[in-house]
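One chain follows as structure tokens, the form predicted on its own.
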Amino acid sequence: MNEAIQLIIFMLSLVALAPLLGRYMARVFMGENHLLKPVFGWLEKLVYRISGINSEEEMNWKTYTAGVLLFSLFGFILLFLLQILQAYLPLNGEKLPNVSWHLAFNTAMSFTTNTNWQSYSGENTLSYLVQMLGLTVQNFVSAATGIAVFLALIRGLTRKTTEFLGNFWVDITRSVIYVLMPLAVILTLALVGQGVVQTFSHYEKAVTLQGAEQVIPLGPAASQIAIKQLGTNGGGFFGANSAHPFENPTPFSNFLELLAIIIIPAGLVFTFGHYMKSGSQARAIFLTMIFLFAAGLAISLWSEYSHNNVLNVSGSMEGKETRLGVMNSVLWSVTTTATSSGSVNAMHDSLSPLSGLVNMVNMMLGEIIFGGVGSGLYGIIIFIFLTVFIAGLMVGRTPEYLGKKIEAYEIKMTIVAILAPSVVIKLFSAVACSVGPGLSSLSNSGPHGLSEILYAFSSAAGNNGSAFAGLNTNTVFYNLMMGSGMLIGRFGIIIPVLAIAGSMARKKIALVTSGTFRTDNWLFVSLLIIIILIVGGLTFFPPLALGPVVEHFLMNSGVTF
């Protein structure tokens, strides 16, 4: 009963707060007066003055894309250099050595692409300086980049006969100053109040009851934890991520971090509605997301509470924190994979096969069930284009969305955006299963071993960052393969999305008639859900059948790997 109450409070909080945050963010990004403009308006202007940005100058889609790519490239180079030069930089009280080039490549690509996959343990690998100046900064700006691309697509859909999509530099500045930074400060203070560490002190040494010496890692964790959750980044300050008591010490901190993971992606749905001046369009998308989220959660909870014939228990606590329990672990696993956060408070490798399947499906669908900050919205709009196109074929009418015709160019870019991460997941997994360096890192054989590899590349291509954790990826092979997968998974979608935005912005807006296919009713919501599931099912059913599905039936027969 206690766990059911916690789940209900979480869902009600999400439904109540998302529209409020969405309205606030719409005011911010539309340049209207809002609560924090008198407080931080001077800082926004100072950033423009120092950077030489003309906030009134707008960009076409090519210039906007160039800004996204150059900014991301600069962030990648800076973070890479910080890691390989770590031993010579300050705030390295534990004398940690330089990071190897291939791990530095993987980590820099990971945090630049908002993936935050970690092939290392933070407290043993990275100094305070790299954690703050490298990782925490990227947690802000990579999330802001996703929001900026989303805003460009919105403008492409709402404007008519224009080349301009806004200003990338203005969009990321406002995202950081008015949205991410204030929320991160509030959440940081709340987490510190719950016991999350925030200090520059050296690691402490303690003596255990058995007389052994134990090193207790410390650091400025709370500030990074706050933005890692709010920005759907997910990278933990400590290796155990949010299962570590210094990152997530209490049930209330667990609730706050869970809500932080999903609140901005959910709020942006309603920001979309305000831009469209159509609350019904936002509600249709929100209902689609909440249905898919709830369906995955229901399957996972049923699977975890069902009898496990291998362990001979129901509601297995293997790999879960006793202070949080089964429900909070399952809710976190579904939330973190539905939102591209990737943070964890339990060992996903220990989840039941069907729970692991739900997590993989969430990522394989393209992180569109709320998804990443900004990226979830432009991801589901891609599926909306595909749904409208298929509906148009069925009724023999030129497909339209929000009064604009969806033509061959938009559909080609849509297919590219859908196929890019799919190719990474299936092709890279196939390579890893076929070569020695890929197989040598497995800790399990059989279908579970396949699931470990499949999960890893799904996480990379979906820019999620969570892991089954039974796969050793800190090797040259996996660091390079997964880093490349993150790159394709991020920009293989962003570039087509911005190309679509530029194309749509040049079009006229047609009048709504009785023959217009509505995209804000239950019929459309149902059709959108079906298209999402069919595309995901047709693409990934074979590898899923060989991995978690086979493992589920074997587990029921008492066989494990």
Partner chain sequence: MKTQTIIAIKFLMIMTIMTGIIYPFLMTGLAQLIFPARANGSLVMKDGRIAGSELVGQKFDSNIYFWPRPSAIDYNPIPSGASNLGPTSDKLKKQVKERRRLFVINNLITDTTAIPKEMLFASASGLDPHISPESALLQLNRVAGGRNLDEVQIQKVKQLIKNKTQGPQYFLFGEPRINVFDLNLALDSIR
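Numbering follows the first chain given and starts at 1. This structure is a prediction, so every number in the text was calculated from the model and none was measured.
Just so it is clear, the following notes concern the form predicted together with its partner chain, a form of the same protein that is not shown.
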Practice task
Name the stretch: of 118 to 126, 432 to 440, 283 to 291, 418 to 426, exactly one has residues whose heavy atoms fall within 4.5 Å of its partner chain in the predicted bound form.
Solution key: 118 to 126
Handout entry: Contact at His34, Phe164 and Glu400 by its partner chain in the predicted bound form, all three, heavy atom at most 4.5 Å
Key = no
Completion exercise
The one option of Met482, Ala184, Ala104, Val269 with any heavy atom within 4.5 Å of its partner chain in the predicted bound form is Ala184
Practice task
Tell me, out of Thr473, Ser352, Gln83, Thr387, which residue has a non-hydrogen atom within 4.5 angstroms of its partner chain in the predicted bound form.
Solution key: Ser352
Practice task
Would you check, heavy atoms only and a 4.5 Å threshold, whether Val310 touches its partner chain in the predicted bound form?
Solution key: yes
Practice task
Would you please decide whether Val141 lies within 4.5 angstroms of its partner chain in the predicted bound form, comparing each non-hydrogen atom pair?
Solution key: yes
Practice task
Indicate whether its partner chain has at least one heavy atom within 4.5 Å of a heavy atom of Ser300 in the predicted bound form.
Solution key: no
Handout entry: Contact label in the predicted bound form: Asn98 to its partner chain, heavy atom within 4.5 Å
Key = no
Fill in the blank from the handout: Within 52 to 71, the residues having any heavy atom within 4.5 Å of its partner chain in the predicted bound form are Gly52, Ile53, Met59, Thr63, Ala66, Leu70, Phe71
